[in-house]
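Structure 1 and structure 2 below are two forms of the same protein chain, each written out on its own as structure tokens.
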Structure 1
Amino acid sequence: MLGETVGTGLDQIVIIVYFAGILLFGSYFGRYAKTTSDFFFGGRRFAWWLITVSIVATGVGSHSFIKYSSKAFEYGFSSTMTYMNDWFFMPFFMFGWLPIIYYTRVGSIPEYFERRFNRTARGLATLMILLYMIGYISIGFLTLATALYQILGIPLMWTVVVIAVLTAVYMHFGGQTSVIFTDLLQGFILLFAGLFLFFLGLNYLGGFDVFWDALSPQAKLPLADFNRPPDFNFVGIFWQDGFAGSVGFLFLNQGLIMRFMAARSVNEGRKAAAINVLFVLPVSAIVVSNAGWIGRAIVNVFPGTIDPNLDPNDIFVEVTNLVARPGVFGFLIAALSAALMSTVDTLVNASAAVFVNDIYRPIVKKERSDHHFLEVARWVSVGVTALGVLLVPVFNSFETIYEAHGWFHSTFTPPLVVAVFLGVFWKRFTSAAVIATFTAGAGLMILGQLFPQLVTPFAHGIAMQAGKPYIYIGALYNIFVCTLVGVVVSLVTGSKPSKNIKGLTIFDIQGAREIFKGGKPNDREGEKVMVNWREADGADDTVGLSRTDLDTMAAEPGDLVYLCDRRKWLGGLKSLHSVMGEPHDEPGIVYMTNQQVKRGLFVKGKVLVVEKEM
């Protein structure tokens, strides 16, 4: 650690003002969370650009700034390897996993496991996913507290408690809508702040040419060496971060899945995923790594300014404190806070969804109102946050946050990664096999930790270190043993008939679309229409459009319809999903009930855009 308080009183004020602003901003959107659908999925109403920014804010967690800056300080540009691996699995996500979970309307990943396999599989998946997310929350708290406690001048654990209380407050009231709109603000802040820090660093050094010349040829390589050193090499990073980490993040991070399920359609979710991987991730890689590059260049250009043997975990705060003026330093640290809170709020919301949908609702209280479940979800958010705080000392016992994060990923994700991948892309994968993957596979993984010689055949020549053997390549061993168990058990046990897994594999997306609509989709191409809305009596949950408008949309009664305020900058905040009812003869008018108007948050006199779904 740096060993002394850094920053000024002005920096502390900037950080405190930032936290207060986020608290008010997130809590404001609590007014839009009226049902569990709003709380967990934001009403499935948002446009792709809102989802994209929210994904950025979620993906670029505070651990990213600390983790990748530390590796950038030690190894240079190859620190960006993990970010450049995500494109590899994106097609599997966009055209496989995303349409399945969206169209089948599953409330959580464990629910998919029950539909695809059985109730036991759901129970095991629930336990593992909750452990995964709560552990992730704890690492997030630890990361930010490691940076902030030196600035605020209070002990690390008290810093953790303060951050946790602030996160819990706006999550308690706001839910998914708060998360998305807070992420919109924080996503822009952290991207700007990261690039601004790079600019300040270059200015401190004397320009880009000085920076570039100060780095060694080895530090300019985009990829790490194949199998050395043991704690940072290409093949280990690929299997741990590129495979287990990326697939786990895309396919199993309930928080990220819920973000995509908050999109107004599958196509909007695909747009968000594509823009993120093609354009935003490369920028994010620079944002989270540049403090380490600048730090190494400063060591070489201005000897004695930064200790070349500085703990890599401290390089982000050290460089930021060095190149930024008072106040600006506080703003940049506030951006680090933005990264943490946008990651943690997502995971807290997701943990509440899993608890309510997979434990509380089906087992404990089946016949209670939606309002009751909403209140439970809010209090579970508080409880999950508290659990995350309690686990902080466990992860603080690791030598570095990077090691804690790596161990966590390679240990908790492989059984889930193998189970969901085989479940989606292999119809022959059986219920007995998924349970064996979770239990026997996990048992073999524990053996690999106790007897690292079992991992040696998978090590690609990486040397085994005493005390912490195979901290990266262990992920490959874990994936192999879980896959082996799953495949072998599948081949000797019976699988479900195809009619019992309708819409649950990549081979039956059409079946998933029929589940979503409740009938055969109408794929005739039509156009959007502009309408004014009027209230109608009755409890029917359909909307009434004119015959003329239905012809323009190539729609018919029973089709799914999406109505949205015409103001695009709202990103779908005021919108509604419904079903076409019987038509009338008043073109340009849509009739809705009072309840539909309230759910859609529509404003009197504002024009709506209506389009047929699917």
Structure 2
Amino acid sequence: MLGETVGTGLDQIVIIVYFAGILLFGSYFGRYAKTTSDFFFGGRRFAWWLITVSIVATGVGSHSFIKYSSKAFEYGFSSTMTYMNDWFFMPFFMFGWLPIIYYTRVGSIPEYFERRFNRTARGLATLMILLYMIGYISIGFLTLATALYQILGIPLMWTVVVIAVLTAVYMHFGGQTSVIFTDLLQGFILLFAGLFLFFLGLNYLGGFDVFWDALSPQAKLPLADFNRPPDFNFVGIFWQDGFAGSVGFLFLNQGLIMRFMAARSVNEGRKAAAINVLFVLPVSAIVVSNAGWIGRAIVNVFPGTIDPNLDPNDIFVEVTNLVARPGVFGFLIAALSAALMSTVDTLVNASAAVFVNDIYRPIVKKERSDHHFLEVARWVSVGVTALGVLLVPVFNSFETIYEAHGWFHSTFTPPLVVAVFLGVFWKRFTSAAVIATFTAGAGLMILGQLFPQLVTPFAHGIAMQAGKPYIYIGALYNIFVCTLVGVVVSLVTGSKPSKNIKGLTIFDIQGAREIFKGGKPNDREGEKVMVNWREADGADDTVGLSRTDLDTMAAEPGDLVYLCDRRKWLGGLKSLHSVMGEPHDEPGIVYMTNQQVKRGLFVKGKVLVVEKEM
């Protein structure tokens, strides 16, 4: 730590104003959470760009700024590795896992485990995912409080409590819609702030050329040395972050999955994933790392300005304080807060979803109204936040936040990663095998921690350090033993009949589409149409379009349809999913019930865009 209070009174005011603004902004969107579907999934209505920014805000946590800046200060551009190797798994995600979870309408990842395997598998997955998310929330609080308490001048635990209360307030009222819209704001803030800090740093140094020349060739290489040093090497990071981390984040982060479930269609979810990985992640890599690069360049260009032996965890605050003027420093620290709050709100919402869908609803109270479950979800959000606060002292006992985070990842991710991957992409994977993966696989992982010699065959020549053996490459061992257990047990036990896992594996993706539609999908390619809406009497959930419009859309009665306010900047906030009813003869008009108008939040006189789903 820096050991002294940093920032000015103006910085404190900027941070407080920022928090107040986010509180009001997030709470405002509470009006859009009227059902559990709204609270958890935002009504499955949003456009790809909203989902993309929200994913960025979720992915870039406050720990990212601290963690990657510290590695950037020590090792240079190779700090970006974790952000730059997700693409290998995109075919699996975009055309495997995403359509399966979307089309089967599972409320949570544990629910998938029950449908694909059995109730025991769901129970184990629920436990592991809840532990993972609540722990993650706690680490997030700790990270931000560690940076903020020096600036606000209040004790660390009180800083944690203040942040937690603010998060809980807008989560309590807003739910997923609140998360997505605050993420939109915070995502832009943190991207802008990170790039702005880079600009300020370059300006402080005297331009890009000075910055570039100040770094050694090693520091400019985008990938670390193959297997050296033991605590930061390419191959270890590839298996821990590139494989286990990326698959874990894409496939198992309940918060992220819910973000994709809030997309208005699978195709929109694919667009969000693709744009995020292709273009936004490389920018995010610069955003979270540049303070470290600038710090290293300052050490070389202006000796004495920054201590070359400074604790790397402090480099973000140190550089920010150095290159930014009062007020701007407060804004940049507020962006750090944005990173935390947008990650934590996602995890809180996701934990509430898992608790309500996987524990409360199936076991405790089956016959209650949706309003009741919505109230429970709201209070669970508050409870989860409180639990996260209570766990902060536990994680504060680790030597560094980085270690706490690494321990968490390597302990909880591999069994879940293997279970989901084999479940989706291997039909033969059995219920007994998934339970063995969770239990025996976890047991072998613990053995690997107790006897690091077991990891040596996987180490690619990485030296075994005394005290902290195989920090990263242990992930490869963990993945291997979990896969081995899963495969061996599958081969000696019986799997479910194909008809019982319809739509739940990649081998039956058409089955998933049929389940979603409730009939055979219509794959004829048509065009969107613009219509005015009118209210009509009726109790069914269909909408009435003209024959002409149906022809343009290549649609027919019974097809799924999506109606959305034409104003694209709303991102789908005012929209509705429905089913095509019997056609009429008034082109450019859609008839819908009063209930549908309310659900879609449509405004009188505003034109709608209609498209056939699937």
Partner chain sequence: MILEFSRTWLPYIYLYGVGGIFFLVGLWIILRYRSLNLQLKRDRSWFRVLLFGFVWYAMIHAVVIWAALRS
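What we label the rigid core is the largest C-alpha set whose atoms superpose within 1.5 Å from one form to the other. Throughout, residue numbering runs from 1 along the sequence of structure 1. Because the structure is predicted, anything quoted here is derived from the model rather than measured.
Between the two isolated copies of the chain, the second is the form predicted together with the partner chain. Once both forms are fitted on their rigid core, the CA atom of Ile15 lies less than 2 Å apart between the two structures. With the core held fixed between the two structures, Thr120 has its Cα displaced by under 2 Å. Relative to the superposed core, Asn227 shifts its CA atom by less than 2 Å between the two structures.
Here the two forms are laid over each other by their core, and the C-alpha of Ala555 is off by 2.7 Å between the two structures.
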